[in-house]
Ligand SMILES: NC(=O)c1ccc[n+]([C@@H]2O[C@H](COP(=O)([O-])OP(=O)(O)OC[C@H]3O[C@@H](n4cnc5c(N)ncnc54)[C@H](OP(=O)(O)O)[C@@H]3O)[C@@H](O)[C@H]2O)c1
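Coming up is one lone chain in structure tokens, specifically the form predicted alone.
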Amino acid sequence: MTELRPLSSSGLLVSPLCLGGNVFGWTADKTQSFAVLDAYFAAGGNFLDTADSYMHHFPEQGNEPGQSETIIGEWLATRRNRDDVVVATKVGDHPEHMGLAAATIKAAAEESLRRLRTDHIDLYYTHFDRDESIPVDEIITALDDLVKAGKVRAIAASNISPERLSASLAFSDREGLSRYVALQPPYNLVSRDTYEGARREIVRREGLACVPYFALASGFLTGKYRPGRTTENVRDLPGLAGGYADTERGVKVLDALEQVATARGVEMATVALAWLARQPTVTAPIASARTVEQLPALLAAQDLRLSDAELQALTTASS
């Protein structure tokens, strides 16, 4: 059984692999999504990540915002396991609730609660901090109101500048309001400067948890993208994964991953997630599975302990 770990100072206990819900209602229909959720939960996983906007960015595929939350809500209701699951969702990117104005945050939270069929959100992220004309004071105060009302247990931030993250934490401390307990940045073996540096230093100094997304670089770190090889993947956002294959760094990372994976008898995805999980401040990488068959390689990362030499080889290849 997976050993749960504390998510910073939130009081929440989470599994070391967070299951991404971005595929639910997109490349995985309700039946497939339920099967993946069942398998993840049966393996001891309890940490689900979604957003109110998933997956409105692909209307040509018939996608509408909120489908992922709706599927997760139906699963929680039918399985009657709400108290055993930590549900994280996000605000700020839904086409009808865009941005982080106080009224937008509160209205979007009500819609997320309705779709998730729950009376509280365990971890509520600001999804994108695009409009920096909105004071961090307004954002934090609105989020704190939701916590005081019992509708949110803990708050966090996703795509945010180091300066705004620091300012948000300082305002929370100064006013005695809820403070961010986690940061969700894009971070993986081929995208390190998106987190390492100022953001990681703030997370370390302030005692936050890092819950990185794009942990497998949109599938690139599974090894299915190689120079000269074409792979049709609707989840390549947009051309991101395939783009890494044409870089010297990308080739070096894949070679290093393959060497470690072969020696250990595991999948490359398992090694990539295990490397990420060992990085300073990281609590639980986020990875998604469209089918049950894709899940074991992700879950195996929780038990793979890379040696110092293996970690160094991967770090060097990705530098």
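The structure displayed is predicted, hence computed values, not measured ones. All residue numbers are counted from 1 along the displayed sequence.
Keep in mind the form predicted in complex with the ligand is missing from the figure; the text below concerns it.
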Stretch in contact in the predicted complex with the ligand, which is absent here, among 107-115, 134-142, 211-219, 148-156 (heavy atoms within 4.5 Å): 211-219
Can you tell me whether S33 touches the ligand? I mean in the predicted complex, with a 4.5 angstroms heavy atom cut-off. no
Classify A301 as contacting or not contacting the ligand in the predicted complex by the rule of any non-hydrogen atom within 4.5 angstroms, answering yes or no. no
T281 within 4.5 Å of the ligand in the predicted complex, heavy atoms: no
Please tell me whether any heavy atom belonging to P16 falls inside 4.5 Å of a heavy atom of the ligand, as the geometry stands in the predicted complex. no
Assert contact residue (the ligand, in the predicted complex, non-hydrogen atom within 4.5 Å, options W75, F171, Y195, F128) equals F128
Across 266-286, the residues having a non-hydrogen atom within 4.5 Å of the ligand in the predicted complex turn out to be E267, I286
